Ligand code: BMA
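What follows is a single chain, given as structure tokens, in the form predicted alone.
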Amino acid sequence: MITYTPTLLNSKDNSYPELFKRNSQNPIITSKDLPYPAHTIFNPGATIFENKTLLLARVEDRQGFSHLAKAISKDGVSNWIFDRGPTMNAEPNIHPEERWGIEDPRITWMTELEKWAITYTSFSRTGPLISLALTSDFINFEKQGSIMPPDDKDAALFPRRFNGKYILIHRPYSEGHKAHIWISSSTDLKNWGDHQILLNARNGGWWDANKIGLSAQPLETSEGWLILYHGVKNTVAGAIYRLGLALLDLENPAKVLKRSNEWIFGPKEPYEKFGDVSDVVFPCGWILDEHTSIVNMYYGGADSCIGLASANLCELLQYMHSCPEPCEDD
């Protein structure tokens, strides 16, 4: 077993180790970068497309409704190229569940389908729910409609089947109850069953008590599926959104091997602490560079801009080995 040992800069430095390091150019994208008027841009899904970094970000207008906008960059940091208008709009006349906009996409390359699957939140009359679209070019989108009833969000697919079934991580919620992360399966991407809790929101004073949800899409590693998730702590000053990690079994992703007790990334900089929703870091996508083992995490800052933070995959896995097995009694 690999042992994770925090590295201190000097004998007087008693700070926590920093797994994800913020890019010096943060925030890397704001609404001013768009070629059309918008209020904010945040919470991007992320993937590699034609050897470039592609983000599919949530853009909110002054009506309060959101659509999805594509941004492409050679280096994943600067010189972003945007579509002249919204890349994917809500279509309430065809999909009534999209009446008040579409939000927070996660992108997964589906090996068997040879297409990208985009799971996103549709804002319906009766609450948020999960919708699915497929694409091969990020120009034309095959909307499959809603795949879960409300209230449900924070969803992503695994890139391949397990025992003939697709697997979806998602976060259903009902008023007055905790919001846990669930996992479900399907043979056709339309009809879902085998519902079970994957990660439970903890109790009491934990940083991830009462409400958690998936952040980026599952990342396959030699040690298991690496899961990035957000936890919400309610304080007298308001809610704080922070990030934690979990590791799932490679062949049975319903089995949780490890879960971080501590949050590993939280709002610190002004663009994360102050905005439309203050004290929020919210990733919907990350990308692994297999040549350098660097994981680039793209996240929304305070629901107002996009930031980038990077980590070394080996260090993330070392950290996971130091984490305990999950305990349902927390």
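Residue positions are given as counts along the sequence shown, with the first one as 1. Nothing here was measured: the structure is a model prediction, and the numbers come from that model.
One more form of this protein should be noted, the form predicted together with beta-D-mannopyranose, which is absent from this view; the next part is about it.
Participant: I'd like to know if residue 241 sits close to beta-D-mannopyranose in the predicted complex, meaning any non-hydrogen atom pair within 4.5 angstroms.
Facilitator: Residue 241 belongs to the contact set for beta-D-mannopyranose.
Participant: Would residue 28 count as touching beta-D-mannopyranose in the predicted complex under a 4.5 Å heavy atom rule?
Facilitator: Taking the distances in the predicted complex, the answer for residue 28 is no, it never comes within 4.5 Å of beta-D-mannopyranose.
Participant: Consider residue 277 of the chain shown here, and say whether it contacts beta-D-mannopyranose in the predicted complex, taking contact as heavy atoms within 4.5 Å.
Facilitator: Because a heavy atom of residue 277 falls inside 4.5 Å of beta-D-mannopyranose in the predicted complex, the answer is yes.
Participant: Hey, in the predicted complex, does residue 286 get a heavy atom within 4.5 angstroms of beta-D-mannopyranose?
Facilitator: Outside the cut-off, so no.
Participant: Which one of these stretches, 31-39, 46-54, 277-285, 263-271, sits within 4.5 Å of beta-D-mannopyranose in the predicted complex when only heavy atoms are counted?
Facilitator: The contacting stretch here is 277-285.
Participant: For 49-73: residues with a non-hydrogen atom within 4.5 angstroms of beta-D-mannopyranose in the predicted complex?
Facilitator: Stretch hits: a single one, 58.
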